[in-house]
Ligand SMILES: Nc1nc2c(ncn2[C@@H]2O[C@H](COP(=O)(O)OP(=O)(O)O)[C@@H](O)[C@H]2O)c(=O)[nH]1
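Consider the single chain below, provided in structure tokens and representing the form predicted alone.
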Amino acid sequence: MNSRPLDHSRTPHGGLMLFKGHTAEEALAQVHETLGPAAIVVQLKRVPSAGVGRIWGAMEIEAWAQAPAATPTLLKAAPAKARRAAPESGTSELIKSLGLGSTAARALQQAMPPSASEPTSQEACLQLGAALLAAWDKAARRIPKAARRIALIGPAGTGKSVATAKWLTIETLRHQHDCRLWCLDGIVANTAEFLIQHADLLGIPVEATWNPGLPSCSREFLDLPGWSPSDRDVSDRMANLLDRFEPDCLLLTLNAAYEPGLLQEQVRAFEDFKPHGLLLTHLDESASPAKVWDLVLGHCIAPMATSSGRFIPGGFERTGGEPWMERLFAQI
């Protein structure tokens, strides 16, 4: 663990120091050892580990803090209720204020480190943020860092075809990858004419029948009709197509505007397919990050990317835990 003074040219606030630890508790211990127990933690952030650990994707907690005599600068992503709270405020009230479902709230409470005394509001915010990021990291471990064969599955009407069109456009035009699109039928026909036409405009070959003898390319996308896993015949057919395609990135596509209960029901319905992560669509219609954290905390599955709007390729973004933590805190 280490600490160093902040370069004043990087911030308008003097007196800040940077502390790092493998966990929030280690970083907080460094803060208190150097600046005393009344030190003010002003920012929490998860960053790649320094040194050899960076090669393996290791992460650590970075905390900016200042001595209590300095002008108070509050935790950047802290909930407003925590910013107004007295020092004796507990983590339970903070968790309640986030609007999480009961299962997610209970999982978050259990993830908080045990303490002999009630943490201050600043300490609670640091611990809460670290617990959220740790839960996200655990859920995101299944998501591959790089993928060649990508398949989107999910219920009908969630926007898989639009999301696939955006992703194809980015891979083809921005990253200059040679791509292929497989539009295969389930028991019902795949009627994604829009996606097929879009692929043709990009010069991307489209295959309507399975042909494993085709030459490989940088990125291959599998488009399947939406279906309900309660229909076993359709699910068996889809599972067969997925087995043939052998995706190294399988994403469950969900409409983020749906109610939390329905989203959780759909995650449970598709869990037998073992998706690596989520692709959330219609993000422009949903203003509740608590729904996303309900899935991360309650079902240990994390979004890899999000899609909003129908403009192509706009609104398609890779995502991580930090912005969703900030959105969760900002809504309080």
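One rule holds for the numbers: they count along the sequence shown, beginning at 1. None of the values given here were measured: they were computed from a predicted structure.
Not on display, but discussed next: the form predicted in complex with this ligand.
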property	result
Residue among Pro229, Gly101, Gly159, Pro247 with a heavy atom within 4.5 Å of this ligand in the model of the complex	Gly159
Contact assignment for this ligand in the model of the complex, among Glu33, Glu26, Glu271, Asp284, heavy atom within 4.5 Å	Asp284
This ligand in the model of the complex: contacted by all of Trp167, Pro275 and Arg318, heavy atom 4.5 Å	no
In the model of the complex, Arg310 touching this ligand (heavy atom, 4.5 Å)	yes
Touches this ligand in the model of the complex: Pro260 (any heavy atom, 4.5 Å)	no
Any non-hydrogen atom of Phe194 within 4.5 angstroms of this ligand in the model of the complex	yes
Option from 142-150, 104-112, 159-167, 214-222 whose residues, in the model of the complex, bring a heavy atom within 4.5 Å of this ligand	159-167
